[in-house]
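In the block that follows, a single chain appears as structure tokens, in the form predicted on its own.
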Amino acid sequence: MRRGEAAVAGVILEHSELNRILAHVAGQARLWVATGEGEEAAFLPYRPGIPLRRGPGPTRRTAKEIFFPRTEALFTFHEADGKPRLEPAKVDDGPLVVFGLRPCDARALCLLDPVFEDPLWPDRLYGGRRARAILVGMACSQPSRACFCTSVGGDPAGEEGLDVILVALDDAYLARATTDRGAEWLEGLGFSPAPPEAEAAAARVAETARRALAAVPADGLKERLDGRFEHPVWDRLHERCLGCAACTYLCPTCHCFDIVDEGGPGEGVRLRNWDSCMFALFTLHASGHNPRMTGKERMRQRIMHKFNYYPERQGRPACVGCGRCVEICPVNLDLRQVIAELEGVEA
């Protein structure tokens, strides 16, 4: 989704003013806020006094759920005057603000956009939410132990996809607009201009975060995977995987879904529900044939899609290095180690 260039310099947002400002924003738009810590960290609708999350790394649950919900109605159907009638789901058309998402989550939405906003087959529900959303990000001052965003083209203070980015200082936030829409939003809140020393402090915060990130050998992975579909490496990479799909459900760029109809005689609803390529039933044909019969084929699909198929179509991997899959895996199957092993793959 293209966004215009910002037009204003940074401003200062005092910590003590945060609750007042969030309440003001909530009075003008539907507001989602990053809140909670650890496994409870998620984006929730604003309520008075909701604490803004400041912990290391991204939230456990992603901002993807706001734009691509776990389940949603596509249309309802019923019979009227002996004829079938369809009622498409209404597109959300009110203003929307998402506050506190990390740069990796904003970048992930940019990777989902080509999927759901294809010019030939645009998804009006996803596109409607994206078009009206202002994304206010929070730069990472302390990445989690599993973060590796810089290895896949990201940055702990990256601005891609954001309208405004905040950098946490000692007693305030430096807020900088990254698009014209973000600049207009900031101007409407009446902040004070940031002094030069605040800009310098923000730069130091970002550099400290970059040094704390894990380095993963992801450069050139697409080319290393070309022609390696039948390579023996896939025989061992999947061995510990349970097929629970927790990695894909928490991934901010995974977008597999299923379509189901629910209802009774003469009426019902068509739903879109999240699904996963790691499930055995995902590719099961009505004939009983399954082209991905074992965990080997399913693991290969996940890795190849993120680091070979998507880059071939879009020019970059479908991974933002958020580390959620690393932290959630019950058998400690670390994607960073998988990438490192694939680095040595030979013909």
Partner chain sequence: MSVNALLRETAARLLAEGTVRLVVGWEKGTLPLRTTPLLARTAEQADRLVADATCDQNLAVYLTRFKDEKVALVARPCEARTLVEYCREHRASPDRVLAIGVPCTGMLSRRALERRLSGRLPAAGRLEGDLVICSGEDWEERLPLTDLLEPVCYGCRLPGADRYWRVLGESRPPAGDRYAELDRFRQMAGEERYAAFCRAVERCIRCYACRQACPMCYCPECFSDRSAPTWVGSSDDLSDTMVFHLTRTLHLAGRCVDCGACVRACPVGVDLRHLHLRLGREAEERFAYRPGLDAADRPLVATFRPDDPEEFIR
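If you're wondering where the values come from, they're calculated on a predicted model, not measured in any experiment. Residue numbers count along the first chain shown, from 1.
Quick note: we don't show the form predicted together with its partner chain, though the next part is all about it.
Residue heavy atoms within 4.5 Å of its partner chain in the predicted complex occur in exactly one stretch of 132 to 140, 232 to 240, 154 to 162, 99 to 107, and that stretch is 232 to 240.
The partner is absent here; in the predicted complex, the one residue of I339, I12, L22, V326 having a heavy atom within 4.5 Å of its partner chain is V326.
Of the listed positions (F67, F307, F279, F43), a single one reaches within 4.5 angstroms of its partner chain by any non-hydrogen atom in the predicted complex, namely F279.
Though the partner is left out of this view, L250 does reach within 4.5 Å of its partner chain in the predicted complex, counting heavy atoms only.
Taking the partner from the other structure, its partner chain in the predicted complex has no heavy atom within 4.5 Å of any heavy atom of S16. In the predicted complex, its partner chain lies within 4.5 Å of some heavy atom of V260.
The shortest heavy atom separation between C244 and its partner chain in the predicted complex is within 4.5 Å.
Shown here without its partner chain, the chain has E40, P56, R60, R61 in 40 to 62 lying with a heavy atom within 4.5 Å of that partner in the predicted complex.
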